[in-house]
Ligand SMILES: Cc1ncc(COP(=O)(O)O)c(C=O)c1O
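In the form predicted on its own, a lone chain appears below as structure tokens.
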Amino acid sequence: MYSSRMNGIQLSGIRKMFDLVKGDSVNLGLGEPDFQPPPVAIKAVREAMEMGFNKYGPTNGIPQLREAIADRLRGSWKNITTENVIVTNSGTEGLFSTCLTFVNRGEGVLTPDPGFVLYRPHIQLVEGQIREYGLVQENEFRPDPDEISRLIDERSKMLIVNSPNNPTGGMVTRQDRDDLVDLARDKDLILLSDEVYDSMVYTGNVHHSFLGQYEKAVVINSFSKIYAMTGWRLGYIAAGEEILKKISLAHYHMVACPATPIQHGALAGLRSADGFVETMVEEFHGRRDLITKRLNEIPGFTALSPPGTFYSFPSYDLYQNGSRIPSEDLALELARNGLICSHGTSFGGRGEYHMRFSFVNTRENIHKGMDIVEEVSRKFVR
């Protein structure tokens, strides 16, 4: 009755944990800013609707928004034009449209483990072959080009990179980026770079974009994180013009066009929301320092200070009845005690014995959440 491509496709572990939220729970699970979009953007959506911008728009997005996006990206790629930009119905749609465009049945896609929960299902839905490379705490959750090289064979088609990374908060260095570009070029791979957290970078760290670094690089971005527009479902793809012509066909046949009034809101955000992103990132910076300190004070937990995103991905060393506690079991125990978070295996097998805490909540609630972690951890042997 059902197509074979749906075999094994399930809701992510994050969504399953989200369903456990009770009214008095502290929620450090789902990853979305606890800010509202810039007022100027909300006003622009309302005015666009009142002015009649409620009809179908261009498949690749309204020209004004594409030009504003190109302006935003020009620091990474000085020759970018509107022809290098497609506006999508979310970063997620951009990811799937790209996979649909390039990956044939049985072709290999190298994807990070742990990694964003939708990479693997997207590869499966286009009937590609999943090849996972590791991100480990000992290497600051950075990809290892040597490991990736060993995984590549004659069927390999695409390399997915995510920096800053969800769930780990890790980031590639300039040297990492250059090494991965060289590897992709040498092996003739599509390089799909998910950069939706490009502005969520903390003092002393620099985002190194893959945009304009390689002729077969496809960069995905979104308005969800930088302008707290997660429910608006608007993103974009930037790549070479010939590549985008093909992706645009997949994009068109899935969504026809992005929502017109929402695009006017995003445009106003890019043009007029001065200081919004900086204010939000400054607040997240303080929360990052708080949650990192609290986690490292809890016996059995070890947390790096993430250079980007709004996630902490600590490891833990807790045992019960002689066995190390699986991350899903620990997450369920925390949920029963009033804290919602994401277990590491939501993001892949190498996420075991890690937890993901989103610090997109008040400092008071972060303290409450860490008090629960500390209390629960006392039940177990270290």
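Only a predicted model underlies this, so the values are computations on that prediction, with no experimental measurement involved. All residue numbers refer to positions in the sequence shown, first residue = 1.
FYI, the form predicted together with this ligand isn't displayed, but the following is about it.
Q: Check Leu95 for me: does it contact this ligand in the predicted bound form (non-hydrogen atoms, 4.5 angstroms)?
A: Looking in the predicted bound form, residue contacts with this ligand include Leu95, since a heavy atom lies within 4.5 Å.
Q: Considering non-hydrogen atoms and a 4.5 Å limit, does this ligand approach His208 in the predicted bound form?
A: Close contact is absent here: in the predicted bound form, His208 is far from this ligand, nothing within 4.5 Å, heavy atoms only.
Q: Would Arg288 count as touching this ligand in the predicted bound form under a 4.5 Å heavy atom rule?
A: It does not: once this ligand is placed as it appears in the predicted bound form, Arg288 has no heavy atom within 4.5 Å of it.
Q: Mark Ser312 yes when one of its heavy atoms lies within 4.5 Å of a heavy atom of this ligand in the predicted bound form, and no otherwise.
A: Answer no; every heavy atom of Ser312 is more than 4.5 Å from this ligand in the predicted bound form.
Q: Looking at Ser90, Gln213, Thr260, Thr101, which has any heavy atom no more than 4.5 Å from this ligand in the predicted bound form?
A: That would be Ser90.
Q: Can you pick the one in Arg233, Lys157, His264, Arg177 that has a heavy atom within 4.5 Å of this ligand in the predicted bound form?
A: Here the answer is residue option Arg233.
Q: Using a 4.5 Å heavy atom cut-off, which stretch among 269-277, 224-232, 143-151, 288-296 contacts this ligand in the predicted bound form?
A: After filtering at 4.5 Å, what remains is 224-232.
Q: Does any residue in 140-161 get within 4.5 Å of this ligand in the predicted bound form, counting heavy atoms only, and if so which ones?
A: Contacts from 140-161: none.
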